[in-house]
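Have a look below at one chain only, the form predicted on its own, in structure tokens format.
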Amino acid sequence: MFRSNNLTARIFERQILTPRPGTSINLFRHFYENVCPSHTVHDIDCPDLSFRKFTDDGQFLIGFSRNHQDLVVYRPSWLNYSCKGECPYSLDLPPKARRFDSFFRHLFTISLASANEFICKDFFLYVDPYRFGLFATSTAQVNDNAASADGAIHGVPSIEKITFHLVRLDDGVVLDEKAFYNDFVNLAHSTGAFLYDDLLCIVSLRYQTIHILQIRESGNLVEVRRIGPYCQEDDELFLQSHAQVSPGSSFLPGIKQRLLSFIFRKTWNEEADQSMRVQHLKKKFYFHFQDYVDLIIWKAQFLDRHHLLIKFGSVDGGVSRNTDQGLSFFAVYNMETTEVVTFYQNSSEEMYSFFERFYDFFNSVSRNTLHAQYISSHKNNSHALNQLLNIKSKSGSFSQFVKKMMLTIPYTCQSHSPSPYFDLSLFRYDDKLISAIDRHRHSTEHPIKFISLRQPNVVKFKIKPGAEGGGPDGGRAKKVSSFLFHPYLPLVLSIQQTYMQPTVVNLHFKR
């Protein structure tokens, strides 16, 4: 920890003092207390685009055209301008420097969507080692609730075509595509996909299949495994050659059979008394057998390269946006042995204990993403832990608290900003107005304050979305804001959207 808040003194301390092993990066992040956004360009002159986010390595800014047909990529640069004679620091920026292209260099614009397809503006995953971007396009959703003969789940809508595009962000070359037909993948906030190093899992809700793909350095999307109706590569061939199935009957999907067999063995072993086992099975397993059979896969994530965390629930909850009060279950699945390792209900205190103690496995981050390793959590930050304990103490029921925390898993991939300004050991802020989570927020007429944790009465910087004067509506119209923080530069885009009014983009930076 630096002994002084003065920037010059801190630089001097860095030169003469050696930090404790493993703490150098955390120590150097304290320099961000001195390097904060200090200037705002209100309503910056920028292209009419829908900006998505900065990549986690800070090399690219991702945007989409308003008609959701084109991908537009920029590279962040830093402001350069000159003036004749004396150029006092106190003067405002010249008009030429208040343009978007003074801070960002346009790399390319490519068309991803065909005539009847649209880019999903909420979906984007960054493949850090290769500087690839994964994008999704889809046709319109059709509420086709009829279960077809090919195994589609009744009650899950259908999308005629969903295409995942792998794009090299350095030059805009589309390297590979993976298409799903008459299927449903939850593309909102990248919920239906999860990236771990070079492995990608995509959850087909309609056909209850988890597709495991490997992203090769050559730019190929190679499907290496499917988990759903079949678990082993030769399951289908074995069943076709050995099964004696009467017309009109069918097997349960492979993943469902693995789940039911695990629940059966777990229930069997819970009762040591041989004479009581049958009654225990009737009460705990057979009575709920159809409920277990009716479960569908909602979401999945990698815990490591061999294990998946899979969330199960009802059909209604799988396609609904509000699953807060729904009953759900979690299973850990070993892809190599095709076994279910464990199974818990979303109110399980033991499951929450695992979540609290081994959060790093749930919040699995690519080893190649340096800045994302330092996102604040209750495992690596005492202030985040205190927040969690405070929420727990204020909760009326521990069971309800557990259910609330279980809503956050499986973790949504790349949904947190790695910006040091969200580091809870450096700054505090109102998390109802702004947070590291990639979500839209209701706008406020007051600026959002970032306050120093070491100096509780010192406001380090403020961010005020929207027009400089507050806008012509006087604050009556409903406004929504999003914030794009660069992962390591003091550079922020605040984007305010108001119904039936132009989008206002402000740029906040260190001058």
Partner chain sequence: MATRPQIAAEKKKKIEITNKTRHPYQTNNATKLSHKVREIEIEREREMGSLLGDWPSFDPHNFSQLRPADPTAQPSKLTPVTYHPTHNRTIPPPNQVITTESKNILLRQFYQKSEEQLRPKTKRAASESLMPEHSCKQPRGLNSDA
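Numbering follows the first chain given and starts at 1. None of the values given here were measured: they were computed from a predicted structure.
Omitted here: the form predicted together with the partner chain. The next part is about that form.
- Across the proposed site, Y181, Y207 and D316 without exception lack any heavy atom within 4.5 Å of the partner chain in the predicted complex.
- Heavy atoms of R98 never reach within 4.5 Å of the partner chain in the predicted complex, leaving it off the interface.
- When contacts are judged by a 4.5 Å heavy atom cut-off, E271 counts as touching the partner chain in the predicted complex.
- By the criterion of a heavy atom within 4.5 Å, S435 is excluded from the residues contacting the partner chain in the predicted complex.
- At a distance threshold of 4.5 angstroms between non-hydrogen atoms, L175 is out of contact with the partner chain in the predicted complex.
- Just one of M351, L281, L169, L424 comes within 4.5 Å of the partner chain in the predicted complex, counting any heavy atom, and that one is M351.
- Note on the partner interface in the predicted complex: the residue among H307, H165, H378, K121 having a heavy atom within 4.5 angstroms of the partner chain is H307.
- Per the 4.5 Å heavy atom criterion, the partner chain in the predicted complex is contacted by stretch 337-345, the sole one of 337-345, 388-396, 214-222, 135-143.
- If you take 418-434 and check each residue for a heavy atom within 4.5 Å of the partner chain in the predicted complex, you get nothing at all.
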